[in-house]
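One chain follows as C-alpha cells, the form predicted alone.
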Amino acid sequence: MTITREAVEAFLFHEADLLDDMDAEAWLALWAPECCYWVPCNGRDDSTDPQRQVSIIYDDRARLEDRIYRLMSSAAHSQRPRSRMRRVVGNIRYEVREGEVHTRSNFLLAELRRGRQEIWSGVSQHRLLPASDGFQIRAKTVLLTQSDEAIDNLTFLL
C-alpha cells in the first residue's frame, strides 16, 4: 500500500463518518487486534501515564468491544435517545515511523441530545498500521480541550 496524504485523510474522514453515524460495529472493525483507545483526563498533552493516573477512557481491544456492546444494547441509558453528532476533522499532519503512520489532527464535534447541544474539541492522535485495504488503528489518543472540566455525558465515541 502506498501511503499518501489523500489516503490518510480519507481514512480519518471515513472514521469520523462512522462515529457520527454511530456505526459502532464498522468503527470497531477499523481497529487492530492489539490496540489502545485512550482519552486522558489531562488533555493538554499526552505525557500523562495512563498506568498511574486516571483516564476518561483507557481501553484495550477487549474493553473496546465491551464498550461497543454496551453502547449498542439497551443497557446504555445515557444514550437514550442517542446523541446526534457531526464533527469536522482538520489540520491533519502525518508521518511514517517504524512501519506505522502517526497522525495528529484537530476536531470540532457538535453533539445534540435531549435538546441540549455540546461542543467538544481537541486533538486526535492515531497510530495506523497500513493494511491491504487501507489502515487499521493500533492506537488512538483523544486530547479533549475540556478534559479537566466537569463532563456531563461522554458515553458516545470520540
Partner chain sequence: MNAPHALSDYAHLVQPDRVHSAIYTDPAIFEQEMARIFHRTWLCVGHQAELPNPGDFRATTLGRQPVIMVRGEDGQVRVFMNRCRHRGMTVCETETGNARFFTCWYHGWVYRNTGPLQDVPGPAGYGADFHKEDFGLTLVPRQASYRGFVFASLAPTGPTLAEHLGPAAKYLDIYMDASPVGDIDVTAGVHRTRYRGNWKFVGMDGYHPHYTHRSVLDAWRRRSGGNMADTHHGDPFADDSGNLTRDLGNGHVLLDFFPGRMGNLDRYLATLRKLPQGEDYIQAMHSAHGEARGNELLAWAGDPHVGIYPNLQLIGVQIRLVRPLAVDDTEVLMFPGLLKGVPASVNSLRLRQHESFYGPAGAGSPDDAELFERNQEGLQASVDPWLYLGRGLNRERVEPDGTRVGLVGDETTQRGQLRGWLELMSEALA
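Bear in mind that the values here come from a model prediction, so they are computed numbers and not experimental data. Positions refer to the first chain, counted from 1.
In what follows, reference is made to the form predicted together with the partner chain, a form of this protein that is not presented.
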{"property": "Contacting member of I119, A131, A29, A62, with respect to the partner chain in the predicted bound form [4.5 Å, heavy atom]", "result": "A62"}
{"property": "Per-stretch contact check against the partner chain in the predicted bound form, the hit in 144 to 152, 131 to 139, 18 to 26, 5 to 13 (non-hydrogen atom, 4.5 angstroms)", "result": "144 to 152"}
{"property": "Contact flag, S47 vs the partner chain in the predicted bound form, heavy atom cut 4.5 Å", "result": "no"}
{"property": "4.5 Å heavy atom contact, D66 to the partner chain in the predicted bound form", "result": "yes"}
{"property": "Heavy atom of A110 within 4.5 Å of the partner chain in the predicted bound form", "result": "no"}
{"property": "is_contact(C41, the partner chain) in the predicted bound form, heavy atom dist at most 4.5 Å", "result": "yes"}
{"property": "Heavy atom within 4.5 Å of the partner chain in the predicted bound form - qualifying residues of 64 to 84", "result": "E65, D66, R67, Y69, R70, S73, S74, A75, A76, H77, S78, R80"}
